[in-house]
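Shown below, as structure tokens, is a lone chain in the form predicted alone; questions about how it binds or moves come after it.
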């Protein structure tokens, strides 16, 4: 019978990218200030997925200091596209704008300060990719707007779906024939928390 490597968490921690000073600075800030971020593994996954589907229009729900937005914005820049990101906290939104500017993405990313559920009905356009990382109890309420805003064949990625408050969202998207979804439970180094699940969902 095949077996996996010894100490798999230590083994895969060796493959975490550490070559970006700005991202490393934001990781240190997040640890010091207890700001939840996706970490370098999920950040890289967001970048790879965005590039893989050729996403030119990306929507992010929940910016914090802009850590995940930098990965998404860089994917947009590679595809000559743009990122729209929503953040409830004015201080965090201001920090996200500054960090996106530091990353050279000020012309690719638009940070909107406000409640995501309140703003979603006002947003127009067909997005290629949506990343959702707001309060988990709000995921279910945001799902119909995500369906409206995503193009057919677009990709929705929801973070932290192992949290109890995401249960109703998990049940809803799994049973909805308009989505093809897969929840992935994994070890995610430097993610908040490191053992968590992501939902990847294709809009049919």
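Positions refer to the first chain, counted from 1. In this text the structure is predicted, and so the values were computed from the model without any measurement.
The same protein also has a form predicted together with a small molecule, omitted here; what follows describes it.
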Original post:
Does residue 88 reach the small molecule in the model of the complex if we count a contact as any heavy atom within 4.5 Å?
Top reply: yes
**OP:** Report yes if any heavy atom of residue 83 sits within 4.5 Å of a heavy atom of the small molecule in the model of the complex; otherwise report no.
**Re:** no
Subject >> Partner proximity in the model of the complex: residue 156 to the small molecule, non-hydrogen atom cutoff 4.5 Å >> reply: no
**OP:** Would you check, heavy atoms only and a 4.5 Å threshold, whether residue 128 touches the small molecule in the model of the complex?
**Re:** no
Subject >> Listed residue (64, 166, 58, 173) with a non-hydrogen atom within 4.5 angstroms of the small molecule in the model of the complex >> reply: 64
Subject >> All of 36, 68 and 116 with a heavy atom within 4.5 Å of the small molecule in the model of the complex >> reply: yes
Original post:
Using a 4.5 Å heavy atom cut-off, which stretch among 133-141, 47-55, 148-156, 173-181 contacts the small molecule in the model of the complex?
Top reply: 133-141
